[in-house]
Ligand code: 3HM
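Shown next as structure tokens: one chain only, the form predicted on its own.
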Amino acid sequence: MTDSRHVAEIAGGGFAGLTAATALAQMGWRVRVHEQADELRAEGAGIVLWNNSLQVLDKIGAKPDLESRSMTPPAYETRMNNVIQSQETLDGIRWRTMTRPHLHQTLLTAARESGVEVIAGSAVTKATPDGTITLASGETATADLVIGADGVTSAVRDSLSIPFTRQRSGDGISRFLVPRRKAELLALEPETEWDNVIDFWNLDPRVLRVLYTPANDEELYLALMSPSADADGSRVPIDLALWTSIFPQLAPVLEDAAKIQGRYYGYQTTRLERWTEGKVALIGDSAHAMCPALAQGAGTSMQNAWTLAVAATEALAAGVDLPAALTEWERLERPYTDIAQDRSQWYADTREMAKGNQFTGESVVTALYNPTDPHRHEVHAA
């Protein structure tokens, strides 16, 4: 990395790291992404993106690839004991569902086409405020900007000793990607619109929830929620008899989920004292892991990746002190992530989503945000 362009070293080849890498490369930086896993792939099953992240994908030119295998469902439907509580069409709110592997491949393609060097099997073990990173191999490198996007157990964050708190919730989920089986579901419930996202809740006699999310014409994302204290509900592979006894209308897709080993994830929220230290900035789960209630974990990661790239590029072009610019970036951008974190934690603690009609007020502030609008702060202040 000997040319005259600004250099960025990024730890983590997930959604946040790849978005930041692509944005920086398209703004003229030379970028390396270090992914500690030996393979470049996404963990998990499905995902929902909202306007804030979709605007970023538009900006980096990834929209056509993304839309090739994704969809916008007709409505977000909430049920309690299979009785419909609400059907929110989300008019005026841009959103899209897809599989996590498809989103990751879309971002990886955009990064490589933008000239980003993506290195698998390369772990960043340490970063210092002056922009120096150390790899597991012992190699060191110095950059104008270092980004820690290396997940909830971030080595970059921990090496900087940035204080943080971790708040856990009593619930958690197991995620599965299965065939749609729309015809079989229609045979069981002909009146149901099986293209909707359907949030099936059951609170009595026990707390169990299934979030049914069509990802495209062939694939379905299922998220099965139960309290962590419920040994049978949180078991993986899932207890098929238990889940079908509560949600018999979902038997065809639950049978597919029962064949998958899966993993149970407890809900948690990570809040840092600060996101930056010198020339180092943290984004994604390393900075702001959150409960999945608002489906904004990836969305806020991508919006912060874009705005960070813009802030760093403008600062260096203007000869502004980068650490100061990163501090200002966090001051301006963090409130939108804080809102999503706090609201998601509140929903996880109270299970208020079971009542439906939740996509209003604070719950959609982050979803409606456009991080690519130069006048966004004036708009939101108004």
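Numbering starts at 1 and follows the sequence shown. Values in this document were obtained by computation on a predicted structure and should not be read as measured data.
This next part talks about the form predicted together with the ligand, which is not shown.
The stretch in contact with the ligand in the predicted complex, judged by heavy atoms within 4.5 Å, is 285-293, chosen from 154-162, 119-127, 132-140, 285-293. In the predicted complex, at least one heavy atom of Val48 sits within 4.5 Å of a heavy atom of the ligand. The ligand is not drawn, but in the predicted complex it has a heavy atom within 4.5 Å of Tyr221. In the predicted complex, the ligand sits within 4.5 Å of a heavy atom belonging to Ile173. Using a 4.5 angstroms limit between non-hydrogen atoms, Leu211 touches the ligand in the predicted complex.
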